[in-house]
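Before any questions on how it binds or moves, here is one chain, the form predicted on its own, in structure tokens.
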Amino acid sequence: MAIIIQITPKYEFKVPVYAKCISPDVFDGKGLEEISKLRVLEGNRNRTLGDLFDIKLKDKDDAETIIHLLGSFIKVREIGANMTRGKIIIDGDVGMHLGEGMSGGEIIVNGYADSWAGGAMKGGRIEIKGSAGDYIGAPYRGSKEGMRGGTIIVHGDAGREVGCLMMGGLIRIYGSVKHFVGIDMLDGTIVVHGDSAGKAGGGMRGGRIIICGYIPSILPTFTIEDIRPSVNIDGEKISGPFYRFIGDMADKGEGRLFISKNKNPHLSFYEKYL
């Protein structure tokens, strides 16, 4: 039988807590005592989940396991790592590497998510109701395999290098982003409804980046291709018009960068090249 697990921190954490065991895949089939004995790290000290958190558990008829986190988890990292099913709901802020490598299931954050949310994820869905940190969907430094599939939605702003080395899937930011959105991108789609700080698509070789707000400039290694009245995202039409650029030419890229024409009148000089 599937279960609902409610987890609350016993105190405010001062150092990072590594708890990739907080996952429906790990909790499935376990009772309260087994879940409480799962191993975590608080800094460099071995702990159990029960040492750090109050845990309540109840059976339910639904086939889906739900983990409900209440309170501040901003120091807790790797929640939902590699999960394939079930749901995690976080009522509060959450730490780095949320949903890292996940291939299924759903994570909902009713707060802020720190850097590397959805890092190298393969499937599933992450929805962040607040803002998010840097490197959304990106892999660890040194890895070349970014996000391959799934969906990440951020209702607030996001930081630097959103979708770094992205290979598939959809990232949608309803706020603004900092520099280098879609850096080294290979495939997939990134939609930014707000503004971009600049250097969008640096090193990209494929995929699409749509920026509906303001951007200071376009990298000189992109060339304008045409003006499009709209862009379709999974059957949804986003009204333009949009300047469409191709690049990054420095990397022989064939990525597409869509930039709002109305929000960027300073880019109108590109039209003479059409």
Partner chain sequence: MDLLIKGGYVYDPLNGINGEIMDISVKEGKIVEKVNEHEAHVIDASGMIVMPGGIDIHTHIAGSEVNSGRLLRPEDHIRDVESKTLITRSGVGYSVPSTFTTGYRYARMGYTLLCNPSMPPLEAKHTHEELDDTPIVDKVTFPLLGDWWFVLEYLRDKKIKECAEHVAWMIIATKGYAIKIVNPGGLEAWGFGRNVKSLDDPVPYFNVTPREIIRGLCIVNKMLNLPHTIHVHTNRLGQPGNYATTLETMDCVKDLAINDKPVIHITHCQFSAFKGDSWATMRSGAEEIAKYVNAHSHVTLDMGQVIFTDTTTMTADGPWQYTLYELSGNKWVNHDVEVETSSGIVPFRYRRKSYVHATMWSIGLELALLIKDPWKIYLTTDHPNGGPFTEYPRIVSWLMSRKAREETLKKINKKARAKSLLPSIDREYTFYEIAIATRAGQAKALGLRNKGHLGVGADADIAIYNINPKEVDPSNDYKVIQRAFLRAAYTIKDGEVVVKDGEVVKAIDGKTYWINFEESSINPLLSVSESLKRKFREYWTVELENYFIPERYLKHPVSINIKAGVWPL
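Numbering follows the first chain given and starts at 1. Small disclaimer: the values here were computed from a predicted structure and weren't measured.
The form predicted together with the partner chain is left out here; the points below concern that form.
A.B. asks: For the three residues 39, 78 and 140, verify that every one has a non-hydrogen atom within 4.5 Å of the partner chain in the model of the complex; reply yes or no.
C.D. replies: Result yes, every residue of the spot touches the partner chain.
A.B. asks: Heavy atom within 4.5 Å of the partner chain in the model of the complex: which of 223, 46, 217, 239?
C.D. replies: Going through each option in turn, the one that passes is 46.
A.B. asks: Choose one stretch from 101-109, 143-151, 169-177, 116-124: the one whose residues place a heavy atom within 4.5 angstroms of the partner chain in the model of the complex.
C.D. replies: Looking at the other structure, the answer is 143-151.
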